[in-house]
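Just one chain is shown here, as structure tokens, and it is the form predicted alone.
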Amino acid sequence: MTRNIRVETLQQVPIEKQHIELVERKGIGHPDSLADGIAESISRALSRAYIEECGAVLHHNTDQGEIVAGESLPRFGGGRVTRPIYVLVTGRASKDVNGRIIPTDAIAVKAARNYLRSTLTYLDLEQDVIVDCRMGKGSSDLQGVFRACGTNPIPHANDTSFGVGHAPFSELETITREVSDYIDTVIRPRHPIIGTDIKIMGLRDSDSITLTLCTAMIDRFCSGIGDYKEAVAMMCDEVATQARKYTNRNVVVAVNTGDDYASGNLFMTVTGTSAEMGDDGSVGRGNRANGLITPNRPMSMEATSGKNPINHIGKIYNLLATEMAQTCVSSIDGIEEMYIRLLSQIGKPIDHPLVASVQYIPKAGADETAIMRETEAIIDEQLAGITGITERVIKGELKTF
């Protein structure tokens, strides 16, 4: 059956030529990212358990989790959490098959705690957090769609929904991602005062880039206001240096602009996350599947993290659309920008979306006939291999936030 792939040129100003661009990323310790990370770690853990117990991934969705903030008393030299963070794990999971009970709740709680342990090094799991699992069983109609996969090598869509992707990343998008990774892999290991809860807000105003960072500092590594100010200055210098590797535009970095040194109102924490002291989090409220929040680009509002990797369009199509756009732009000459939208119909094979819509801005002198032909071939090939997304998600090779 021929796939409905529609390729068209797009008449609009490319992102790099627009005057104003905004890009945001919430770091791994932000409460919304914590909710995403927990949801995705639970889905992967359940998938592995299902494969081990039953030989196949069973129906589940764990994309409805919540982080309810606790309370804390940070202070120079080390404070304490006075009310634990509350993690609510909800969603649906297959809890038995052919009379065999699968301990889904225990699996979920263990996965959540393991994720918190790896993300929040200074969180006391014994007293600073409560993990409450309230997963129910999946609805019969969605389980029916899921089970239909057993007689068909290609899964059937669990929902009528869409996924969106774009390429290439703009300079500001690239900088935001790279700076976030640099903080996690280089700055924090050298400077443990830097917590994992970091929000980066990027603004490009013509040829000037401003990065505003909200950075949670960890109090036990901060003996006084001098240490705090040094950490802020270090972040400004290191982030600016890293950002300038990806642009010739002017870059300005501001860190913790809400601080008031006179009153002692600082972004200082006990554990490195604002979830300890009043900031709640929800799955799907943070970064999109490409790791960014990009109001200048088309986006899906679906929560990618926690959805099952077999037939849930909200996960598979968002990841796939992004990869499709990246592959086309890197492989085909003459494309300035590309946007891909994949739309499913519930109960239909996921490799045959109702439409695979491709819009692109051609470069001057581009061979549009060749671009259309080559784009259709890449989209068709990647749809044919769509189940590869599932394997990579379960292995943790694809990030969902």
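Sequential numbering from 1, following the sequence displayed. As the structure is a computational prediction, the values presented were derived from the model and not from experiment.
Keep in mind that the form predicted in complex with another copy of the chain is missing from the display, and what follows is about it.
Engineer: Give me the residue from Val251, Val232, Ile187, Leu203 that has a heavy atom within 4.5 Å of another copy of the chain in the predicted bound form.
Structural biologist: Selected residue: Leu203.
Engineer: Ok, Glu374, Glu66, Glu336, Asp351: which has a heavy atom sitting within 4.5 Å of another copy of the chain in the predicted bound form?
Structural biologist: Selected option: Glu66.
Engineer: Of the listed stretches (57 to 65, 363 to 371, 40 to 48, 328 to 336), which one has a non-hydrogen atom within 4.5 Å of another copy of the chain in the predicted bound form?
Structural biologist: It is 57 to 65 that comes within 4.5 Å of the partner.
Engineer: With a cut-off of 4.5 Å between heavy atoms, is Ala262 one of the residues that contacts another copy of the chain in the predicted bound form?
Structural biologist: No - in the predicted bound form, heavy atoms of Ala262 and another copy of the chain never come within 4.5 Å of each other.
Engineer: Report yes if any heavy atom of Pro295 sits within 4.5 Å of a heavy atom of another copy of the chain in the predicted bound form; otherwise report no.
Structural biologist: Pro295 belongs to the contact set for another copy of the chain.
Engineer: If you check in the predicted bound form, is Lys395 within 4.5 Å of another copy of the chain, heavy atoms only?
Structural biologist: No.
Engineer: Quick one: does Ser161 come within 4.5 Å of another copy of the chain in the predicted bound form, counting heavy atoms only?
Structural biologist: Yes - in the predicted bound form, heavy atoms of Ser161 and another copy of the chain come within 4.5 Å of each other.
Engineer: Going through 237 to 271 from first to last, which residues have a non-hydrogen atom within 4.5 Å of another copy of the chain in the predicted bound form?
Structural biologist: In sequence order, Thr257, Gly258, Asn265 come within 4.5 Å of the partner.
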